[in-house]
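In the block that follows, a single chain appears as structure tokens, in the form predicted alone.
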Amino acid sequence: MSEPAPSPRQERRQRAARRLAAEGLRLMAARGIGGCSVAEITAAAGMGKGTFFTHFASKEAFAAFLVEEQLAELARRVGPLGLGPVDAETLLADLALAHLRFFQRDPQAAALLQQALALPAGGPVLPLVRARLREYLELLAAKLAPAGQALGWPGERAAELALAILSLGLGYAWLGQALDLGRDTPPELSERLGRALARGLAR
């Protein structure tokens, strides 16, 4: 049974949320979470502050939402990998490549995650960001564990393997943006980087 079509009011709310997310991601990635105000985000999205607060309780809640959205999109892209028959090295290479490509295509996502992890330890957002990142790493580790074990990586250390793969894509895009490198890396070279990591782990 299909879900009912959204009402015009629901569609307007969804469009407004998408505009806020796009402009908020752009501004926060460029200037930091603390470096832009709700007024600037809503002005860039072409709406009033009241609309913002119908969707989000605070700028901090909005930042946590953006992190959640980026990691959910990454999980959607990674999810189908390894569902069919594939050897361990190819799976590791494919996962590394998926992370490289995700952050290369959307360096704003890499910048946002870096900004979110640099927030003050006593604030409300950092614990949420850390928890969501840990959830994502657990998902990735579960996918990686059998392949890692087949290549001699201890199954109980699959989280470190997941961390290495996430860090590769995240760091590549974030440092690349700061140094004006890597944005135009050809897909075949990105694939070779992913395979190089997998081969290194296989030793």
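Residue positions are given as counts along the sequence shown, with the first one as 1. Here the rigid core means the biggest group of C-alpha atoms that line up within 1.5 Å when the two forms are laid on top of each other. Just so it is clear, the model here is predicted, and its values are computed rather than measured.
We do not show the form predicted in complex with another copy of the chain, though everything after this point is about it.
Checked against another copy of the chain in the predicted bound form, the residues Ala45, Ala64, Ala145, Leu137 give one hit for a heavy atom within 4.5 Å, which is Leu137. In the predicted bound form, another copy of the chain sits within 4.5 Å of a heavy atom belonging to Ala178. Looking at Gly200, you'd find a heavy atom of it within 4.5 angstroms of another copy of the chain in the predicted bound form. Remark: Ala22 does not count among the residues lining another copy of the chain in the predicted bound form, judged by a heavy atom distance of 4.5 Å or less. Among heavy atoms of Val38, none comes within 4.5 Å of another copy of the chain in the predicted bound form.
Relative to another copy of the chain in the predicted bound form, residues Arg13, Glu69 and Pro80 are all farther than 4.5 Å at every heavy atom.
Residues of 136-163 placing a heavy atom within 4.5 Å of another copy of the chain in the predicted bound form, in sequence order: Leu137, Leu151, Gly152, Trp153, Pro154, Arg157, Ala159, Glu160, Leu161, Leu163. Gly152 is not among the residues whose C-alpha shifts by 2 Å or more between this form and the one not shown once the rigid core is aligned; its shift stays under 2 Å.
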